[in-house]
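First, one chain by itself in C-alpha cells, the form predicted alone.
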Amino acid sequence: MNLGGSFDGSSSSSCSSRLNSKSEHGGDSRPHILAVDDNLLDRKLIEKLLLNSSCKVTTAENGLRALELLGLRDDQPNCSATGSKVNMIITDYCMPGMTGYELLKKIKGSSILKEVPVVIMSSENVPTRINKCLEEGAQMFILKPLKQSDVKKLRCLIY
C-alpha cells in the first residue's frame, strides 16, 4: 500500500480533458468546492490553497453545517440544494458531532449529490480508516496538512 501523501480510490486516468472542458458553475467558470474542517487554521489553509488554484470555496466548521449548506439536513424542508452547484467536497475525517466518514455516507446516500467527488483528509495515517472511506465512495484520502501538490490532484477529480 502506498503510504505517501494521498490515496486515490479512482482509476488513474488523465485529467487534462476534464480540466480543459468548460462547464457552467452559476455563471462562474471556477469549480466550487465545499471545505469542511472543525479546525479554523486548517480550514483557512485549505481555503487559501484552493483560492490560489482558481477555485470558488465555501467553508463549513462541521458536518452538520455542511449538510445544511448542501440541503441535506433531516430537519430542513425540501429546499434547493447548494450541492447541485458544488463540484467537490473536501472534509476532515475527525470532527466532533459528525465525522467526515459519516458525512461521506450521507452525501453518497443522496440521489442529488452521490456523484459529487468527496475527498477525506486526516492527520492520522490509519490504513483501515483509509480503506473504509475509499470503499464507501471517497475519491481520495489525503494526509494533512494539505499541500499545493494535493490541490493539483484535487483539480483532476473535478469534472
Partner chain sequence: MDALQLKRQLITFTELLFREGFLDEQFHQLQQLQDEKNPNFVVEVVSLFFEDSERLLNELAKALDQQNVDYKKVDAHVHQLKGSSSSIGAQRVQRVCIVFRNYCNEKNVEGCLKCLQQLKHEYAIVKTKLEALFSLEQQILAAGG
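Residue numbers count along the first chain shown, from 1. Just so we're clear, the structure is a prediction, and the values are computed from it rather than from any experiment.
Only in words, not in the display: the form predicted in complex with its partner chain, which the text now covers.
Not one of Ser29, Ser111 and Glu115 comes within 4.5 Å of its partner chain in the predicted bound form, counting any heavy atom. A heavy atom within 4.5 Å of its partner chain in the predicted bound form is found for exactly one of Leu45, Ala60, Leu134, Leu104: Leu45. Of the heavy atoms in Leu146, some are within 4.5 Å of its partner chain in the predicted bound form. Interface membership of Thr128, defined by any non-hydrogen atom within 4.5 Å of its partner chain in the predicted bound form, is ruled out. The closest heavy atom approach of Leu64 to its partner chain in the predicted bound form falls outside 4.5 Å. For the chain shown alone, Leu49 is a contact residue for its partner chain in the predicted bound form, at least one non-hydrogen atom being within 4.5 angstroms.
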